[in-house]
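Only one chain is given next, in structure tokens, and it is the form predicted alone.
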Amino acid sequence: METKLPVAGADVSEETVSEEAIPPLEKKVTPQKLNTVEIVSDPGEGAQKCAQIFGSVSAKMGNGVWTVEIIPAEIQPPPRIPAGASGNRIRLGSSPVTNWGDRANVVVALNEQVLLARHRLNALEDDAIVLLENMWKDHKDEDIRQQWVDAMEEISDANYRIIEVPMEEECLTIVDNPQRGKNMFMLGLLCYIYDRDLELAAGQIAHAFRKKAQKITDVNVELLHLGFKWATENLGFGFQIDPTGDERPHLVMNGNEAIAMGAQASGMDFMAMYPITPATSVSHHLGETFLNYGGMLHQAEDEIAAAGVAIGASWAGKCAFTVTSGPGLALKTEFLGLAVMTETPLVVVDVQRGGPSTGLPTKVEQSDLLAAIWGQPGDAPHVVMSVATIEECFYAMITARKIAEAFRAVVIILTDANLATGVSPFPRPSLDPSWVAPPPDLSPVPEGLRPYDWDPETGMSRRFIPGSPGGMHTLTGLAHDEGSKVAYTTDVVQRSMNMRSRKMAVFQSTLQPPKVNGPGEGDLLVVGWGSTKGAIEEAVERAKEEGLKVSSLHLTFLSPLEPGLKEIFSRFKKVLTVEINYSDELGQPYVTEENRRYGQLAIVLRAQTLWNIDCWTKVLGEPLKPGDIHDAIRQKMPEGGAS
């Protein structure tokens, strides 16, 4: 472990040499195609704000970017404990970046305890460069000094290059409370290391603090320049990561913002939700912009009411949706059944988090799939789709709105905490008038036409909008006939079930078989869904470079499934799902072939295709790493496969 003391000219007193007189170090720049940096601190010290600005600046400078928040499970944990580590990982590339990678190359840490947390999680490369706040080393509290010593001893088994940085001391020259200034000082350090445009960074700071007084922005920009100046005089190294070369205009945002913008682009004009982590920021974005486009945002008193209000708005002819996370999806269950029974179009966005119960509010999982497909009591067929990228978050809202209204159906979109809070650039969409929903059909209802005159071939029927002349009828959640009258006779019950299900078969007939990433046949096919796509495909590329006959397949529609899967599976010796949910591994106590629990997508695929599908899953509360998936591919190769 190398320790480098930071201050050039430290043996010269301030009285004899002014700060301006310290010459900058010669900077050694290392070109790299990929580089990952982590910024970690105690909660409330602004590490995430620093990272968000750094990620946005990097994306606007043309780099591929993928960010992942590091958030403690507790709302306000005690300071200076490993469990309280808060911050962000930013992976930069000279080509598009699709996942957070394996380990960080550079770390900026505001105390040794949060650094220790990342070390214990094996989150850092063995030769990582660590910029560490050094005020704790000589702290007046003996216990804190001992914590520093103990932490340094524990991490000494790694070859980190630790550079002690006097952040507190430097920031005190500008602000009275350094806790509110170190994050911008850190941003200055990173702008030097990665050669970021300071003017662009200052503009992002101004945007981040646009609702604050101008003096707040000015102070933060001054801290940015202070950090850059200190780095210029003391670091002497940097990384060059060329832009991707994609000259198209790009948007830079997180998945929740993309969901909100996609809803607006689709013509949706009503959203009801109850605040829930990590979905809430969808409403924050819409709260700033929705009214400008004729939209209405309703914050309900609870999750149940949010679903009810959205259904009511949709029944009245609005393009309505609701946003939630796993616990909220559970509370909406009965109302979603009502929407299926009444065939009321509704889009539901489920930003998945860890479970069960309130589980892991700030951590990522893919554990809501079975609940989304089969969570309603009775038989309630509906569409379930997932998104794999932040760009897909935008376009999925357009697709879901069209499906919901064309088929008078409930459409559930599964995203997750990884996408919700992560930032990545994608090409600016060219708005298309066909995305926008047409006005509701309020024309007179032909005499004799009933609200559920199902076409026996398709299960489709006209959507009656309240106020349409001749369209008056009674509506309940009870079983009903074509005239919407309560009916329990055997023929009506069977026919209505047939028709609601028939629509799903018709919808599935419009889908195309999924495309295989890689050769169309081989030893192993890795199947995934949602935000794991980038990590899976990177892992598969590594395996192919080793000569393994591996391909991957990523599913968007999970109920009904995309067609042609059995034929695709038949061309591979083995099929393996990779997911962020729980499964048993054979060899664990009491686990047998008969009682083994499979990953959730594996369960769905086994049931629908009757194929012997294996799975590899992890529930670590964080995104999957391509290196771990690569190791799993090696372990799961079929007998006789290349290895």
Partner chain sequence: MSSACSLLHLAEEDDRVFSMGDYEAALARWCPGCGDHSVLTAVQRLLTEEQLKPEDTVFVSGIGCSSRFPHYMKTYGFHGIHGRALPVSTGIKLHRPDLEVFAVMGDGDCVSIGAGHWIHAIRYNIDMMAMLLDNNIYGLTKMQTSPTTPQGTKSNTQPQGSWLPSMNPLEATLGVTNASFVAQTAEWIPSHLFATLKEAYKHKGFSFVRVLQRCPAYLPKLFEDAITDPETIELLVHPDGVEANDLEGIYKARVYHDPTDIDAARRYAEDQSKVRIGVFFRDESRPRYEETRHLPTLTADEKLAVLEEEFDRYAV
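Residue numbers count along the first chain shown, from 1. By rigid core we mean the largest C-alpha set that fits within 1.5 Å across both forms. Note that the structure is a prediction, hence the values are computed from the model and not measured.
What follows is about the form predicted together with the partner chain, which we do not show.
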Check Thr289, Leu442 and Ile465: does every one of them have a heavy atom within 4.5 Å of the partner chain in the model of the complex? yes
Answer among 83-91, 156-164, 352-360, 427-435 for heavy atoms within 4.5 Å of the partner chain in the model of the complex: the stretch 427-435
I need to confirm a contact call. Of Pro456, Gly477, Gly520, Gly547, which residue comes within 4.5 Å of the partner chain in the model of the complex, counting heavy atoms only? Gly477
If we test each of Trp100, Phe270, Phe572, Tyr192 for a heavy atom within 4.5 Å of the partner chain in the model of the complex, the one that passes is Phe270
Should Asp368 be counted as a contact of the partner chain in the model of the complex, where contact means heavy atoms within 4.5 Å? no
Answer yes if any heavy atom of Trp230 is within 4.5 Å of a heavy atom of the partner chain in the model of the complex; otherwise answer no. no
Although the partner chain is absent from this view, report whether Gln299 comes within 4.5 Å of it in the model of the complex, heavy atoms only. yes
Using 4.5 Å between non-hydrogen atoms, is Gln264 touching the partner chain in the model of the complex? yes
Contacts with the partner chain in the model of the complex - residues in 297-317 whose heavy atoms fall within 4.5 Å: Leu297, His298, Gln299, Ala300, Glu301, Asp302, Ile304, Ala305, Gly308, Val309, Ile311, Gly312, Ala313, Ser314, Trp315, Ala316, Gly317
Rigid core fitted, is the C-alpha displacement of Arg210 between the shown form and the other one 2 Å or more? yes
